[in-house]
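Just one chain follows, in the form predicted on its own, and it is written as structure tokens.
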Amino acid sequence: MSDKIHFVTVGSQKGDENRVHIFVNGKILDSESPVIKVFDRGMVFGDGLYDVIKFQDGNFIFLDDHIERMKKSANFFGIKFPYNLEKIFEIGLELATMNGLKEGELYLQLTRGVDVIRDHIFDDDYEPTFVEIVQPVRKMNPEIWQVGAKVLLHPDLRHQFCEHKTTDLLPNILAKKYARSKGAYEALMFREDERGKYVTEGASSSYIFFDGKKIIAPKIENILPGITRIKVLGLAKEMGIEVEERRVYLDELLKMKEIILLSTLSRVLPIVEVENFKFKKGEIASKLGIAFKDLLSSHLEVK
């Protein structure tokens, strides 16, 4: 794939605020342009990967960590990764400028490419499809970090590749939809072994728990090694808080002093209700929230 970027000037229709400039396979186009082919394997099979990175003031937060994780997944699935970190940054910055955004989210999508006809079997010489989008950040009520959020239990119905951010997200979508339809912020998903039901993660988030002495985090076994999770657990260790990674069973939840949700969008979010059981917004969530906010600020200062 050529490393050259072709800039195609396509203005959005007047009054249509949802149209933005996007990058697809070497070209910057209008988001309404018909650029994804019908037989793209990401479309017909979910044969692809994605990531979401926070953008602010000319910087993509922890971009190197996200790209490194995405490259590892691409290598695992045998999908060619077409651009390096510098080029992805350059493209994203150009999109943010063209879309008039000082704050937003960079969405990356990589698929195995386009079939001649729809077929489960793929050849090794496919050219990948690579997409970049910089869109406005999804808004959250800032009060949620002060009052905390509610989550609902939901069975984890996903595949066995959850350590990778694949585009096969239907179970996540249904879990998130269920939670929101019941007035909750997120789902807390679980699987089951011979011991009982244990926590995996959220539909688009990670969870950690504080038992009064140490932080307990579900270990990375078919769950995503979230970038926010990695950073927050590192901060906890720097603060002298013991961190244990193991399976956390649902019958342990009522013994936990704090439950904390982590994600790129939600950052460090205290959970104050699981189903009908109440929890307090504790000091650990507050301390980690402040430390993570400081980490983000320091990252923005170093460009």
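The first residue of the sequence shown is number 1, and the count goes up from there. Quick caveat: nothing in here was measured; it's all calculated off a predicted structure.
Beyond the structure shown, there is the form predicted in complex with a small molecule, which is absent from this document and is the topic of what follows.
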{"property": "Among 144-152, 164-172, 123-131, 82-90, the region lying within 4.5 Å of the small molecule in the predicted bound form by heavy atom distance", "result": "164-172"}
{"property": "Contacting member of V114, A203, I215, L108, with respect to the small molecule in the predicted bound form [4.5 Å, heavy atom]", "result": "A203"}
{"property": "Distance check, Y50 to the small molecule in the predicted bound form, heavy atom within 4.5 Å", "result": "yes"}
{"property": "Heavy atom of R41 within 4.5 Å of the small molecule in the predicted bound form", "result": "no"}
{"property": "Non-hydrogen atom contact L262 with the small molecule in the predicted bound form at 4.5 angstroms", "result": "yes"}
{"property": "G104: touches the small molecule in the predicted bound form, heavy atom cutoff 4.5 angstroms", "result": "no"}
